[in-house]
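This document starts with one chain, in the form predicted alone, laid out as structure tokens.
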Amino acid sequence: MSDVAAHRLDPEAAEPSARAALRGPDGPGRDMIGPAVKYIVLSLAAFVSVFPFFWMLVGTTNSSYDIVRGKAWFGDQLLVNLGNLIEQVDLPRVLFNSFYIAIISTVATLLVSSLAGYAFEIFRHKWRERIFAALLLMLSIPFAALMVPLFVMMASAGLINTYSAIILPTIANIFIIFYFRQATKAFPHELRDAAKIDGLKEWQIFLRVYMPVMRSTYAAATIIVFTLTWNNYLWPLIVLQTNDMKTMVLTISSLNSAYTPDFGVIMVATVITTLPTLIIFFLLQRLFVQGMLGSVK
């Protein structure tokens, strides 16, 4: 009997060939299919994410007519659009309003909320968990349900159309309190005990020990609070009633609500509004990642 015939009659010898046929071709080509699909999907996701920013930058350099027409490349109207924006809006005043509200709100919120989070985790009390649970429950209340009583409170205090009307309601941020309490669980209590032995008071421990150790948490909270305050729209729209008190977000809204909006001007204002949050994020990006992961160094 020939070798070929013997191979056909031997089932054990035929099994590997059958399995290989069912398995399909192996080799470097097959190994490259998985990564290639991943890169294609990630590239499409990156394009979808980045394209609005590209369109916004392109729009700053084109006229309103070109933007409506769908021109998707850079033009030569940037200085014209910027000049029109400065003519229509008191840009330095609006930027000052936005930066003042955002910076003061961020600093005050970080101080008050970190103190509350520190206290909830460090100090023991039988009502501690119940009070904290009540605070978390308040997160489920929509802001729309609080607007009217909050407006009445601000009107009674004579704070309508003032910076305080924007800043005060944001200071005790429940989410930031929760965030700091969770981060404080990783805070080394031995440091606090050593500081107490050295004679430091509680406020000194907070300022000299807790805050430096938790700097990554503060960085992450800074990005979150600054972004929320800078982009705040609904509440400032209600309580800020004159043009000299408007923020950049309200200014963009007023430009967009015109009878014939100039989209080139709107794009320039949008880019100017976006830059501060991008700068804050890139400056604190490394610490932001550490803070969100709960690292304490």
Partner chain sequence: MSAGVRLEGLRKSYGAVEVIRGVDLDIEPQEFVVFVGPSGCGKSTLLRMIAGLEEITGGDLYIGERRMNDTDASRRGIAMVFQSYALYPHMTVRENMGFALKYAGVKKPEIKAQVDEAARILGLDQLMDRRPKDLSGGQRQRVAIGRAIVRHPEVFLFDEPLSNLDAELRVQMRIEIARLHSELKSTIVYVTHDQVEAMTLADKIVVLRDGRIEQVGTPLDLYDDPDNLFVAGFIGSPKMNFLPAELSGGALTLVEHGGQTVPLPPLGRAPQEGERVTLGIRPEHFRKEGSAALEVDVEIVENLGGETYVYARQAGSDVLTIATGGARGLRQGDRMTARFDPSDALLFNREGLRIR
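Residue numbers count along the first chain shown, from 1. Everything numeric in this text was worked out from a predicted model, so none of it was measured.
A second form of this protein, the form predicted in complex with the partner chain, is not displayed here; the remarks below concern that form.
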Check: Within a 4.5 Å heavy atom cut-off, is Asp76 in contact with the partner chain in the predicted bound form?
Finding: no
Check: Wondering, does Asp198 line up within 4.5 Å of the partner chain in the predicted bound form on heavy atoms?
Finding: yes
Note to self: Is Pro212 near the partner chain? Define near as a heavy atom within 4.5 Å, in the predicted bound form.
What the structure shows: yes
Margin query: Using a 4.5 angstroms cut-off on non-hydrogen atoms, would Ile103 count as touching the partner chain in the predicted bound form?
Written below: no
Note to self: Can you work out which of Gln204, Thr162, Gln88, Gln182 has a heavy atom no more than 4.5 Å from the partner chain in the predicted bound form?
What the structure shows: Gln204
Note to self: At 4.5 Å, heavy atom to heavy atom, what parts of 161-197 sit next to the partner chain in the predicted bound form? List them in sequence order, or say none.
What the structure shows: Glu190, Leu191, Asp193, Ala194, Ala195, Lys196, Ile197
